[in-house]
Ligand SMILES: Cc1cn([C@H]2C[C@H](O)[C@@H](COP(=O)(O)OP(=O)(O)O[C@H]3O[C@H](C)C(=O)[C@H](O)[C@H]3O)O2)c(=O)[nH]c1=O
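Presented below, as structure tokens, is a lone chain in the form predicted on its own.
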């Protein structure tokens, strides 16, 4: 696997070595020792999966406090635009974001450490999205930021009228009003 740290320290793009032949393909999706060597020690405790259709935008979400989570995300089917936003006030990259296309074809993964809001937009007819987390989900500690916050200035590649999102995400505050990390 190739590990590439992004312009935001701690956020990594991981590209596997894919072996294709007439039967299909094979790749190692995650190896603890290799991950620790490049990114650092982490103890993933749960895998999650979601299925969404074109235009679905999930995010920008993050769990707060002791329930914050690091994530390793990838797409099994389809194509998404994945975004990690630095919401650590003390960080030199506070408010900055990383945007990466993840797809069944490129098989890239994105590692998002604690202290980031996360979201993705489905660009294909359907997408199956999977991710590892290092902490339990606690809905009472979940927070969010408005997906189209002008202070973050994410350039989503579809018209906003075609975005499909949840009622909760429509009511999410802007970053300036959000409860963020120190």
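From a predicted model like this one, the values you see are computed outputs, not experimental measurements. Positions refer to the first chain, counted from 1.
Although it is not shown, the form predicted together with this ligand is what the next lines describe.
Practice prompt. Decide yes or no: are 17, 74 and 101 jointly within 4.5 Å of this ligand in the model of the complex, with each residue judged by its heavy atoms?
Written response: Negative, none of the three is within 4.5 Å.
Fill in: Contact label in the model of the complex: residue 137 to this ligand, heavy atom within 4.5 Å
Yes, contact at 4.5 Å.
Worksheet item: Hey, in the model of the complex, does residue 35 get a heavy atom within 4.5 angstroms of this ligand?
Response: No, residue 35 is distant from the partner.
Practice prompt. Spell out, yes or no, whether the shortest heavy atom distance between residue 153 and this ligand in the model of the complex is within 4.5 Å.
Written response: Contact with this ligand, no.
Item to complete: Would you please decide whether residue 115 lies within 4.5 angstroms of this ligand in the model of the complex, comparing each non-hydrogen atom pair?
Response: Close contact is absent here: in the model of the complex, residue 115 is far from this ligand, nothing within 4.5 Å, heavy atoms only.
Item to complete: Would you point out which of 153-161, 24-32, 37-45, 55-63 contains residues with a non-hydrogen atom within 4.5 Å of this ligand in the model of the complex?
Response: Result of the contact check: 55-63.
Worksheet item: Within 127-153, which residues come within 4.5 Å of this ligand in the model of the complex, counting heavy atoms only?
Response: Stretch hits, in order: 131, 137, 142.
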